[in-house]
Structure formats: structure tokens, C-alpha cells
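There is one chain below, alone, in C-alpha cells, taken in the form predicted alone.
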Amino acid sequence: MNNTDFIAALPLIILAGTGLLILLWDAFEKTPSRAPLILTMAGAIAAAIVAGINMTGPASVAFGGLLYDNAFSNFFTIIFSAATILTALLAERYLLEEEVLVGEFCALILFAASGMVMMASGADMLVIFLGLETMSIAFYVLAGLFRTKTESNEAALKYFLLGAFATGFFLYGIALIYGSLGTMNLVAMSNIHSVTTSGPMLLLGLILLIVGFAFKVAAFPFHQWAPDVYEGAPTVVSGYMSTAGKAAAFSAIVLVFSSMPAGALAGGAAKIQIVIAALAACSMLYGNIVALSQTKIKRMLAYSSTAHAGYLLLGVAALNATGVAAIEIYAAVYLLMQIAAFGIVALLEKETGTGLNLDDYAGLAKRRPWAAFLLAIIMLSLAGIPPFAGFFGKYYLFLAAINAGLTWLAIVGVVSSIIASYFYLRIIVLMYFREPLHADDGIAVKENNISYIAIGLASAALVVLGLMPGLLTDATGYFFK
């Protein structure tokens, strides 16, 4: 390992090393404490700082062409680190009240983050696959973290079985691509110039790869696991899976499809683009329409997550410079919105035993004005209403689609956003214009724990990035910039 290799892998080493340290700490710790959470945040902050420094340096490929170190990979490493920090802050009170082993949880989210970094940095499809499985195995265990709850066990089992099935599609796709191009290395693929036809084997391999990725991002029609898993898993875990996991999968999608040689896609590029565009349109419409009928907020957010996967697929279908930057931007914005939304749900769930049904939010502004205010900001941003960051993120994705000649897909995105506005604004109406369901629900409660501070910071970031989007676009490197 030379200096280039070490610097490229340093964020990954920090995250995985911190996870191993926490396992040792947890094994020898006699009384439960908050030390694992503090170590988790320290490790994630250190990884984000190193990635930020690497982001300003020259792009390179480390470990003999296996690992990228560029603006793209480091930007996503910062996103994963931020998600890990927010999740640790939100889990502090949630886990202690559930009497769950905090060290076990912290180690798992750090190992999941390590897999995400491998997916965003992989210069070889086998590295991406190893990252995908590292992340997935951690998620399978996290989904079943509440061992005594039937719903949590069912969520873990369903996620594991369907995830293993999707892995088969992913690996078979890699095998067919290798058989067609003679390599699994993305750098080598991008340098191939002699291939002049796509061939049925390569097209089938790419389609199988799309199926595997579509499952991980919960895109239609491979989303069936998401509502049940998000509902049964611990709420803070659902937020982490639906944001950081989705961002990791999209980072890998961009790496793989942008590395395909132009000659290899001759005659097949239009077919692949149609498949991705169809997935995007169906995910946006189906996710938002089905979310309208949900009465439980975690299921509503799960179907909403399918719709947001459709929005991100707009950038994949375009796959131009604007599309790649739009995916980076929206992944960061979506992470803030979705984790904060699940964070509010988790807090209400633990404080009052409610908050899982939409009716529980009636009169929330009277009981918890601060929580209602933050949730209103989050819902407005998820709906894509200016001046919040969600509007800017969607605008950039729609712009990428239009620049790629997919105006019809951008129109579908706008229509689906209008549909989504109903169920997002419905929560605001319930909080501010409906009376509490029970007479004692009008009692105000103090809101001074650290989880509220974390959600407040995420909500403030949505406002600041919406008013000054240049902060995000300047930090977002174009692909291999």
C-alpha cells in the first residue's frame, strides 16, 4: 500500500476501524453508556473531514485500479458520514428507552457506512458488489434489532430473503457484462473502443444489473419489501436505510453506467434509457398515488421513498453532466429531509407511544410546537415547495431530463410532485388546523433533548440550502472533476 492507496482508503479505514473499536469497547464495558454513540460521531466526523480534504485534491485511482478517489466518491462519503452522525444523534434516546445494545447498533451503522463508501468509490464491479453486500448484511441485522417484537423479526426476514434474491440478479448481470466486455473493471471498460455493437448478452446483463439496483432503491415494481420493512424496523433504522442506502445505490449506478464504453451501447443505449425512464415514471406515479391512501406515517414515507427513487432515476436516465450533479445534490437534500422526518416520528413514538398513525398528528402544534414547526419545514421541502431545498433538488433533476431530450419524463415528475403535495400538506393541516384526539393531548411538553437539536439543524440546512443553493452546487463536484 502506497501513500495514494492509503489516502484514498482513509475514510473507509476510519469508519470500519471505529466500528471494530466499538465492538471491543462494548465487549469489555460493564455498564451501558453513551460512549459508543460518541465514538460513532467522532469516527463519522473524522471520515467526513478526510473526504472533504481529498475532494479538493487531484483525482486518482488507487489499489491498482480498484478504488476511485475523486470529487464524486468523496462527496458521497461526506453524505454517508452525515447520515451516520444524524442517525447516532437520533438514536441516543430511542435506543436507551428500548433497552437495545447501543454498541451493537453503532457498530452496524458504521459497517453499513463502510459498505456505502465502497459502493461510491468502487472502480471495479466486484468492489461495488462487496460494498453492496457489506451494507445489506448490516441492514438485515438492523431491521431485526428489536428481537422481542414480531414486526421487527418479520421485517428482517422479508428484507433478507428478497435481498438475497435480488443479489442473484445483480451477480448474474455482472457475469454477463464480464462475458461481453472481458473485464469487470470500470476504468478498463471506459477505455474500450473496439466494441461496436451492444449484443443481447450485454443488454441482458445491464437489465439484470438495473433489477438488482432497483430493489436496493425500492423503485417500482421492486419496492414491495419497503413498506413492511420500514414499518417493522426500528424507526431510526428505517430513516437510515431509506436515505444513506438509497444514496449509495445511486452512486454505484452512476459509476457503472457512466463507465460503459460508447461503442458497447451502440444501438442499445436508447433501449436502456427507455427502461430506466419507464422505471422512473412508474416509481414517481405509483409511489405518490399509493401514498395518498396510507393511514400510517411510516408506510406513507415508504411509498414516498419509492417516488423519490423515481426522481433520482431522472438523473440516471439523462446521465449527462447535469444529471450526475443533480443526483449528488438531491441525494444530499433527500438525506436531510427523510432522516429528519423519521427522527420526528421516532421521538413522538418514544415520548408518547403514538406518532405512527397520521391521526396522532392532529393538534401536534398545541402539544409540541417545536416538533410541529420542524415537521412542517420537512414536509414542505419533501413536497418540493420553494424556498426549501427540496424544490431546488427537483428542479435540477427536471432540468437534467429536459437537457437529455426527456421532456415528457420531466412533465411526469412535475405531475407526480403535485400529487405528492396533497399527503405532505395533509400532515401540516392535521398539526395546525385539527384538534387533538384526546382531551389531555393539549398539554405542552418540553422539547430540549439532543435529538430535537439534530432535527433542528437538518431543518435549518433545508432552509439555508433552499435560499442559497450555490452552497451545494459549489460543493458538488461534477463527475471526475
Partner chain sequence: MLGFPILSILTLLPIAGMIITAFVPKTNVKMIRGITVGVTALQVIFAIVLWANFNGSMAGINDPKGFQFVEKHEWIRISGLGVFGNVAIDYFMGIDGLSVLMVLLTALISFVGAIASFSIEKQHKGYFLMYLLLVTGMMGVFCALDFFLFYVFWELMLLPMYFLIGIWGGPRREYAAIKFFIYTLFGSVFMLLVMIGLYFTTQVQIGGVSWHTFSILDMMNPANHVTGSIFATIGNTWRYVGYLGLFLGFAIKIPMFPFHTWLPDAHVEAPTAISVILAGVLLKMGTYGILRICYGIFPEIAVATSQYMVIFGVINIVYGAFCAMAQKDLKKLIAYSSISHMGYVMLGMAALNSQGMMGAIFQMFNHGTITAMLFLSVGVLYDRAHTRGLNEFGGLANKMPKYFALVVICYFASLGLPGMSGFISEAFVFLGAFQTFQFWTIVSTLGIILTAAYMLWALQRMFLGTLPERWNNLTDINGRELVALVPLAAIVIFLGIYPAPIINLMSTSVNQLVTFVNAAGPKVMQAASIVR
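Numbering follows the first chain given and starts at 1. These numbers come from a predicted model, not from an experiment.
What comes next is about the form predicted together with its partner chain, which is not displayed.
- The closest heavy atom approach of Val61 to its partner chain in the predicted complex falls outside 4.5 Å.
- At a distance threshold of 4.5 angstroms between non-hydrogen atoms, Ile38 is out of contact with its partner chain in the predicted complex.
- Using a 4.5 angstroms threshold between heavy atoms, Ala346 stays clear of its partner chain in the predicted complex.
- Among residues of the shown chain, Ile13 is not one whose heavy atoms approach its partner chain to within 4.5 Å in the predicted complex.
- Considering its partner chain in the predicted complex, the lone stretch of 410 to 418, 450 to 458, 51 to 59, 38 to 46 in range is 410 to 418 [heavy atom distance within 4.5 Å].
- Contact with its partner chain in the predicted complex, judged by any heavy atom within 4.5 Å, is made by just one of Gln294, Asn153, Asn403, Thr167: Asn403.
- Proximity to its partner chain in the predicted complex, defined as a heavy atom within 4.5 Å, singles out one entry of Tyr303, Phe75, Phe398, Tyr159, which is Phe398.
- Taken together, the three residues Asn185, Phe257 and Ile272 lack any non-hydrogen atom within 4.5 angstroms of its partner chain in the predicted complex.
- Using a 4.5 Å cut-off on any heavy atom, the residues of 361 to 385 that reach its partner chain in the predicted complex are, in sequence order, Lys366, Leu380, Ile385.
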